[in-house]
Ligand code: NAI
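One chain comes next, on its own, written as structure tokens: the form predicted alone.
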């Protein structure tokens, strides 16, 4: 019954970073199963934003403390919070200002959003799902801030899981591998580089945003009621090689 049509009926979901890529796919899946979804992010009316009768997309700046509090304080109850906002600046991340900005968006924003939302989550006995990465596990010479921030997401997930457990709020994460999103378009168009990636993936292909979204739905569902503090790799077996 985990993925039955009415799974999320009557539930309120907030997806931060929900206006493109994995976040948009997650917003659509939650809405498909009956949730009322607030998708927060940049370009909320852009071509990649999710469109569904149960989804409201809104512009959102995860780095602005006052803005985050103002938006999320309006939520009476939140059953599902998904933290999916993320950026990568490749070699530019060796510049300290860029490094700090990437950590702010990818890691600090999760603490900022969770702190603003926890009263609503406690009222609903809700669930938080953070989006980490395969780079949570190994480093990246090209993306030091991205790798550091995603490693931090895993540890923050464990810490918040311990902190919020007494209030019956579960906190988990997913760690996507190579997923076909707007962020990876350029890499996928480079046939030689893309083939090198695919050759290492045991399941033999790039993943799709819905593969991550369905794992998030599971972690938010009653089927995962006794799971908290874990990070689930969704990478086609990439980390096993």
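All values derive from a computational prediction rather than experimental measurement. Positions refer to the first chain, counted from 1.
Only in words, not in the display: the form predicted in complex with this ligand, which the text now covers.
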{"property": "Stretch in contact in the model of the complex with this ligand, which is absent here, among 165-173, 117-125, 137-145, 84-92 (heavy atoms within 4.5 Å)", "result": "84-92"}
{"property": "Partner contact for residue 194 in the model of the complex: this ligand, 4.5 angstroms, heavy atom", "result": "no"}
{"property": "Heavy atom of residue 36 within 4.5 Å of this ligand in the model of the complex", "result": "no"}
{"property": "Partner proximity in the model of the complex: residue 203 to this ligand, non-hydrogen atom cutoff 4.5 Å", "result": "no"}
{"property": "This ligand contact at residue 78 in the model of the complex, heavy atom, 4.5 Å", "result": "no"}
{"property": "Residues of 46-79 having any heavy atom within 4.5 Å of this ligand in the model of the complex, listed in sequence order", "result": "60, 61, 62, 63"}
